[in-house]
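One chain follows as C-alpha cells, the form predicted on its own.
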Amino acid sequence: MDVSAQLEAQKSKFKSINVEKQVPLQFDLGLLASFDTNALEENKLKTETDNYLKTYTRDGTQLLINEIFQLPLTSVQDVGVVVELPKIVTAIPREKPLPKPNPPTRWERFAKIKGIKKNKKSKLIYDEEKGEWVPRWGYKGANDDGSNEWLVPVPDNADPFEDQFTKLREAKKVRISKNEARRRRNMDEAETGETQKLENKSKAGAKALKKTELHQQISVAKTSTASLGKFDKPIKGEPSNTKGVKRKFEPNIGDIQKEKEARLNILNKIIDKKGEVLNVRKAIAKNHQEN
C-alpha cells in the first residue's frame, strides 16, 4: 500500500524548521528573546496584516527554539530533558527603583554594639522528656509554657484554690501583647525615621522639649475659660508672661505740634533729594507704617 501521498499531504501542513533571513537574528537565551533587525515588507503588512505578522512571529520563534536545542541537554528524573540557560546579556531597565534597605531594629542595633552574631538554628529540637523531636517554636514546640496541658502542678507559695490554667493563659496573653507592642513600635520607628533621631537626641534635650510642650498646653488650656485665664489660680512653675506684647496706638486727640513734626518727618523721607516730586503711594504706606 502506497502512503506517500498521505505523508506528503500531512507534511505540507507543517512548515520547515529551517528559516532563512537576510540578516541573522541576535539572541539572548537568558531572556528567551530574539531580536530581528530585518526590514518589514510594507506591501504585505498593509494588504495581509494578520497573516504576515503571524508568519513573521512564527519564523522568529522557530529560530529561537533552534538556538535553545543547540544548548547541552540534561535528563532529570521525573522531569524530563532540560537545558541550562546562559547568563542574561541584555540589560533591561527596572520598572521601579531598587527597594531601600529596612532600617535596623532596636535588637539589631543592640546586637551590633555588643558584637552579637546571628546563628541559624534548626527548626526541630530533641525533647528529652518526650523522647522525640519537636518544633523549637510554635504549636507543640519546646517553648510551650504548659497552658495546654491537662495537668498543671500548683507551686508551693501559690494559693491552692487559684486556677493555674487561667493564670498560665493570662500570662501568655500578656507576653503576646508585649511582643505585638514591640513589633508595632519597631515598625513605627522604621516608617517615620525616628530610629536615627532617638540615637542622636540626648535626655536633656528630650526633657526641655517636654517642658516647652507642657507650657504651650497650659497656655491653651487657660485661654479656653470664659475669662481667658484672667481669674485662674497660677500653677507652680508656670511662666509669668505667656502672652505677647499688646500693640499701642497714639490717641486720636493730642498735641498738634507733635503731630505736625511727625507728618513733616514722613514728608522729608519721601521727597526725592534732587527734586520735590512726591510719591503718593509711598507717602500713604509710610503714614500707615508710622501709625
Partner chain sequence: TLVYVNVLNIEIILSELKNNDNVKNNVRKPKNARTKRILKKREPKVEENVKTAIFVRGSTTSQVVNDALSDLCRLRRTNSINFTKKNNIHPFDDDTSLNFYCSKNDASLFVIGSHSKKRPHNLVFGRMFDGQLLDMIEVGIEKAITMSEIKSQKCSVGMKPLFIFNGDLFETSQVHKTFKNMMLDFFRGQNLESINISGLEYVISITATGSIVDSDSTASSTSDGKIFFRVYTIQMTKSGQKAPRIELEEMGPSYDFKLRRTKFAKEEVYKIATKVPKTLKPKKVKNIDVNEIGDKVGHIHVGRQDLGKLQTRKMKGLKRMTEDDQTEDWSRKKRKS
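Here the structure is a predicted model, which is why all the values come from computation and not from measurement. Numbering follows the first chain given and starts at 1.
This next part talks about the form predicted together with the partner chain, which is not shown.
Comment: the partner chain is not present in this chain, but in the predicted complex one of Val220, Leu124, Val152, Val82 has a heavy atom within 4.5 Å of it, namely Val82.
Of the residues Lys210, Lys167, Arg184, Lys130, just one reaches the partner chain in the predicted complex with a heavy atom at 4.5 Å or closer; this is Arg184. Here the chain stands by itself, but in the predicted complex one stretch of 211 to 219, 103 to 111, 133 to 141, 90 to 98, 90 to 98, has heavy atoms within 4.5 Å of the partner chain.
Although the partner is absent from this view, Ile65 contacts the partner chain in the predicted complex, with a non-hydrogen atom inside 4.5 angstroms. Although the partner is absent from this view, Leu45 contacts the partner chain in the predicted complex, with a non-hydrogen atom inside 4.5 angstroms.
Interface membership of Lys178, defined by any non-hydrogen atom within 4.5 Å of the partner chain in the predicted complex, is confirmed. Although the partner is absent here, Phe231 sits far enough away that none of its heavy atoms falls within 4.5 Å of the partner chain in the predicted complex. Taking a 4.5 Å heavy atom cutoff to the partner chain in the predicted complex, the contacting residues in 47 to 67 are Thr49, Asp50, Leu53, Lys54, Tyr56, Thr57, Arg58, Gly60, Thr61, Gln62, Leu64, Ile65, Asn66.
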